[in-house]
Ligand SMILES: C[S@@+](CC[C@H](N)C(=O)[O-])C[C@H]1O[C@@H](n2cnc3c(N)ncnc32)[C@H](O)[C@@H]1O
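Single chain ahead, by itself, as structure tokens, in the form predicted on its own.
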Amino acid sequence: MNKQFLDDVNAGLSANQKYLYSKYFYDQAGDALFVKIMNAPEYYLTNAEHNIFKNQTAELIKAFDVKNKPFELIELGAGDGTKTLELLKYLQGNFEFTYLPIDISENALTKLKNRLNREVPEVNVITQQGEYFQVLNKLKAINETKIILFLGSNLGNMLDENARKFIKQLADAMNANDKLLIGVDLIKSAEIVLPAYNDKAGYTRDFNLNLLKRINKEFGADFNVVNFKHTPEYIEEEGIARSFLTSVVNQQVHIKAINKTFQFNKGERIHMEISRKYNDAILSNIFKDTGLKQTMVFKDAKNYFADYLFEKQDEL
């Protein structure tokens, strides 16, 4: 039994504003649903960032400044690797490097490694399962240059204060001249953003509801998913999309693993996820005083998405 997961569920459902952490979306079923979300026509983020990686590959690698020196290419939350594959195809055979994808999902890593073995067999792949910083702190001792990828606007799943702490902790795990390429979704109108979190096929709805199913399976809970409705919202002025599961009836849910019952009133919401959108000012504030200096920015053809490159500075 995953005690940390159980403790987080208990804390989240006991709060005045109920919440669940989105990092627990990713079991085997959740992984499969997220792949469907990324391929949904409404989910512009994947295509936008893939546009950058496909059409600006040479420019990205030139900016990494790794010609004629060995390096570690480390990816946080690697997923299915579609975008990174564009880099790996270019790097394969031309550069001396090791690819280290880090993910909380062992299932996702296994699928990724099998795919890379087929499509880029010359690349040395060493998967790292676990929380990001468990792995990164071990890698700090590596003397070779590190290029860290944090793509897909995963930073946007954090509130700004948490994102600031995350980036500072990430910077602390880096050595001077290491680089971070971070992908972020740019602030846009609700007409573009909201459908990405409310696709017509219902993949995002099922992705959120699957977390309730996971709690049922792992902790003996009795969530009835038909009693919850997926209700996303996006406030353009704020630049944050939020996902909720809203109880459509008055109900009780019992979790056997902690022998505790939770009351849900009709209309009460569980906060599931945020998806922060960015501009230069917001991102600059998050990276302030972290020791990371922005060196380049790459945008897709529609200016929907941006990959910012930062370099760790020498400590004084």
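On a predicted model such as this, the values are computed, not experimentally measured, just so you know. All residue numbers refer to positions in the sequence shown, first residue = 1.
Only in words, not in the display: the form predicted together with the named molecule, which the text now covers.
Trainee: With the named molecule left out of view, choose which of I148, M174, A241, L151 has a non-hydrogen atom within 4.5 angstroms of it in the predicted complex.
Mentor: Selected residue: L151.
Trainee: Which residue, F287, F264, F34, Y278, is the contact with the named molecule in the predicted complex, using a 4.5 Å heavy atom cutoff?
Mentor: By the 4.5 Å criterion, the partner-contacting residue is F34.
Trainee: Can you say which of 219-227, 87-95, 186-194, 126-134 gets within 4.5 Å of the named molecule in the predicted complex, counting heavy atoms only?
Mentor: Looking at the partner contacts, the answer comes out as 126-134.
Trainee: Consider G79 of the chain shown here, and say whether it contacts the named molecule in the predicted complex, taking contact as heavy atoms within 4.5 Å.
Mentor: Judged by the heavy-atom cut-off of 4.5 Å, G79 is in contact with the named molecule in the predicted complex.
Trainee: Considering non-hydrogen atoms and a 4.5 Å limit, does the named molecule approach R214 in the predicted complex?
Mentor: Outside the cut-off, so no.
Trainee: Just to confirm, K302 within 4.5 Å of the named molecule in the predicted complex by heavy atoms?
Mentor: Heavy-atom contact with the named molecule at 4.5 Å: absent for K302.
Trainee: State yes or no: in the predicted complex, is some non-hydrogen atom of N210 no more than 4.5 angstroms from a non-hydrogen atom of the named molecule?
Mentor: No, N210 sits far enough from the named molecule in the predicted complex that none of its heavy atoms falls within 4.5 Å.
Trainee: Just give me the residues of 91-109, first to last, that have a heavy atom within 4.5 Å of the named molecule in the predicted complex.
Mentor: Heavy-atom contacts to the named molecule in the predicted complex: D103, I104, S105.
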